[in-house]
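Form predicted alone, single chain, as structure tokens, below.
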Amino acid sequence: MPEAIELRSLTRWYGKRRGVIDLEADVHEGEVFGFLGPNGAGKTTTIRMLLGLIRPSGGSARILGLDPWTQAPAVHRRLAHLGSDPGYLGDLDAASLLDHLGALRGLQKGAWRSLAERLDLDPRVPLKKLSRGNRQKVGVVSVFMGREPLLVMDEPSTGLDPLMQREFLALVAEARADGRTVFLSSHNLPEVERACDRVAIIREGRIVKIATVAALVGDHTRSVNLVLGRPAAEGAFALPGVTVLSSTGQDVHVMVRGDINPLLRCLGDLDVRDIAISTPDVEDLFFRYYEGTVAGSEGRVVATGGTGIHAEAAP
């Protein structure tokens, strides 16, 4: 049985400018696969080749055993796609657009209604009057309303508020439980941690790491700031992977590398009045894989809807 996605030495050049080089990866059927990268890393170029919109300069990509360039119509019948900045015909309302997209995919009229309700999308509003977040909801509804076995999404939760981001993650989990495969390009590490089974990190056109989310999370460091009602006993934070950076009695700052659960169990015995946990952003992880260090060792808080890194611009 073929993989959902197979990349074999996949390469794309734009003249002398690098797109991606020698990508090697398999995405298994029924998994959620994260694709992480900074601006210009090659995420969108890869997705365009998966969709058959541009042709590889070398190597190959296969979608459910099919060539997306020579067998594009058959590939498109088997996948649903959401781009990083979807554009719509502004004179239509969301209902008309979704019905039109559904008809092209053989869906019944109104197949989108339950999803629109879950995402609190008013389908009667003209698209040109929708906010950025509501336009993104239209794209999320369009990608999930069908039954295609493969979903390919590029920065899909950008612009969604925290409640809708949670609903988006629920939709991803339901798609996985239904046996569908999700290829999720993102810069949002907390989202990837919650949604994905495995992750590929791409930088400067090359995949430098493919790992399970558990392995990726185990590799990075969290900064934990505590405010205690009373000072902790001496040695309370002598735990695996925990380094105390500063302690003034009630204010404690520690770094945690790998599994955070030993620290969380320890906190159950302390009088914790406040806690702030910061994770490195995706760029910090890239620095680790490329330079062997983590830039900004204290990291910074990554909001669920952070937009510090975006998909690269179209060539």
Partner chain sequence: MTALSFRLELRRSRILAVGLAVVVLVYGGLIAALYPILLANTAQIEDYMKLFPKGFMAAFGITGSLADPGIFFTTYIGSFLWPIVAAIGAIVLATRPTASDAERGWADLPLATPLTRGRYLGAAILGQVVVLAALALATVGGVLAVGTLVGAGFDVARFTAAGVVLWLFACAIAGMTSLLAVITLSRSVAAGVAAGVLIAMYLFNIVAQVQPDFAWLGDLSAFRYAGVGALIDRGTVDWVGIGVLAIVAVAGWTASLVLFRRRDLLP
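Residue numbers count along the first chain shown, from 1. Just so you know, these numbers come straight off a predicted model, no measurement behind them.
Just so you know, the form predicted in complex with the partner chain exists too; it's not on screen, but the next bit is about it.
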- prompt: Just one of 80-88, 157-165, 179-187, 112-120 has heavy atoms within 4.5 Å of the partner chain in the predicted bound form; which?
  reply: 80-88
query: At the 4.5 Å heavy atom threshold, is Ser96 in contact with the partner chain in the predicted bound form?
result: yes
message: Residue-level question: is Arg194 within 4.5 Å of the partner chain in the predicted bound form, judged on heavy atoms?
response: no
field: Distance check, Gly42 to the partner chain in the predicted bound form, heavy atom within 4.5 Å
entry: no
query: According to a 4.5 angstroms non-hydrogen atom cut-off, is Gly34 in contact with the partner chain in the predicted bound form?
result: no
field: Partner-contacting position among Ala211, Leu92, Ala236, Leu169 - heavy atom within 4.5 Å of the partner chain in the predicted bound form
entry: Leu92
- request: Let me know which residues along 98-118 have a heavy atom within 4.5 Å of the partner chain in the predicted bound form, or say none if there are none.
  value: His100, Leu101, Ala103, Leu104, Arg105
